[in-house]
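Next up: just one chain, as structure tokens, the form predicted on its own.
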């Protein structure tokens, strides 16, 4: 089993979804595909939530209508048959009706989290229907049924392992493509929650670890981890290989291609993580697979804004460690 995660820029256009379909059907190996919301949709849902919290209902409705229009145009271009187009429209309408219903009730943090989950729920439903229109054996499973956090807001890995295994056992043997949502989950109280921004990477790693996957692939719009930030520095290049520790440190200190926590579950099971470019699938990308780095020079430089460093020194006195404590 290979776990593949595709981010918002990958699924954000009908052409992107077609490209993903081609990538995941190059062979008949079993694959579990984790999808983010369409690019920009989570930001739009955040904006709607902010408008509702401020009771700016007219402005919220204006943003909702704009979002509805985007999905209408998306479905019109993606689907060829009226039958599948109508099925997709019905699913989008259900989510949009929920979003509109938030205009009529007090806005709470629970509703906010449910609102933010709509992006992934819509993208995965659309993509699964797209695969079925192309007569592929695919199944959609709901991440809310098997991804849960504990009382400390950390992923409940034992729960994920058991529930995901139980769900997959029930799938028909001929189903080679399993689709699910990244980012969204339930918390310890059973309420809808999420793994924070970039959480789709984390979902893919947790799922890969639960399944003892052969490989976890993170597909974005850049061909692997670069030696510097290509948005800031010219002539950067992708790094062919990294250790788990190197990748985790780069992610923590600003490399946007990876969620800072997503390496840990894969590292525990020593499952290779491959970073690939959806727009250039032929590019080798970056393979993260060794426990220790090569130690050959500087691999990469990452930058992080908004850091404050505090240096504390004790006075020259007896028992100085007590002061520092």
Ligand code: ASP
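Numbering follows the first chain given and starts at 1. Predicted model only: the values in this text are computed from it and were never measured.
Omitted here: the form predicted in complex with the ligand. The next part is about that form.
Of the residues given (162, 105, 197, 170), 197 alone sits with a heavy atom within 4.5 Å of the ligand in the model of the complex.
Comment: the ligand is not present in this chain, but in the model of the complex one of 37, 288, 262, 48 has a heavy atom within 4.5 Å of it, namely 37. Residue heavy atoms within 4.5 Å of the ligand in the model of the complex occur in exactly one stretch of 80 to 88, 171 to 179, 153 to 161, 197 to 205, and that stretch is 197 to 205. The closest non-hydrogen atom of residue 267 lies beyond 4.5 Å of the ligand in the model of the complex. Counting a residue when any of its non-hydrogen atoms is within 4.5 Å of the ligand in the model of the complex, the one hit in 94 to 123 is 120.
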